[in-house]
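The chain below stands alone, shown as structure tokens; this is the form predicted alone.
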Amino acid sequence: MKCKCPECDGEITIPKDAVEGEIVTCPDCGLEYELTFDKDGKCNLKTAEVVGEDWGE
């Protein structure tokens, strides 16, 4: 399965065994996306959230 990168329109290959919530990376621009599927099984990509470390400071 292939999806288009929302940022650069690059082609992202989705592995057959990919699961919802998996992080995929665009090979062209390097941005990371969280993979979701709609009810028709079509892939959707949303920008992955980056969680920083909280050191309690």
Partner chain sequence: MPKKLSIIYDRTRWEEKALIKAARRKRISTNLIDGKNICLNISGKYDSETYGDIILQRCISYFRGLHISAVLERKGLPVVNSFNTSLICGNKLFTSLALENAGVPTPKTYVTFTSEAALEALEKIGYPAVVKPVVGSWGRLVSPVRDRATAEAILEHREQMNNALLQIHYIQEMVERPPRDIRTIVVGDEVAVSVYRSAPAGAWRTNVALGATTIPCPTSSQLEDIVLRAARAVGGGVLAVDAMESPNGPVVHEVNSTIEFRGASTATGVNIASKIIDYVIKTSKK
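Positions refer to the first chain, counted from 1. For clarity, every value in this text was computed on a predicted model and none was experimentally measured.
Another form, the form predicted in complex with the partner chain, is not on view; read the next lines as being about it.
Is the gap between Ala48 and the partner chain in the model of the complex 4.5 Å or less for some heavy atom pair?
Residue-level check for Ala48: yes, a contact with the partner chain.
When the contact criterion is heavy atoms within 4.5 Å, does Asp38 count as touching the partner chain in the model of the complex?
Heavy-atom contact with the partner chain at 4.5 Å: absent for Asp38.
Is Asp28 close enough to touch the partner chain in the model of the complex, meaning at least one heavy atom pair within 4.5 Å?
So Asp28 does not count as contacting the partner chain.
4.5 Å heavy atom contact, Glu20 and the partner chain in the model of the complex
Yes - in the model of the complex, heavy atoms of Glu20 and the partner chain come within 4.5 Å of each other.
Scan 34-57 and note down the residues that get a heavy atom within 4.5 Å of the partner chain in the model of the complex; none is a fine answer too.
Glu34, Lys46, Ala48, Glu49, Val51, Gly52, Glu53, Asp54, Trp55, Gly56, Glu57, in sequence order.
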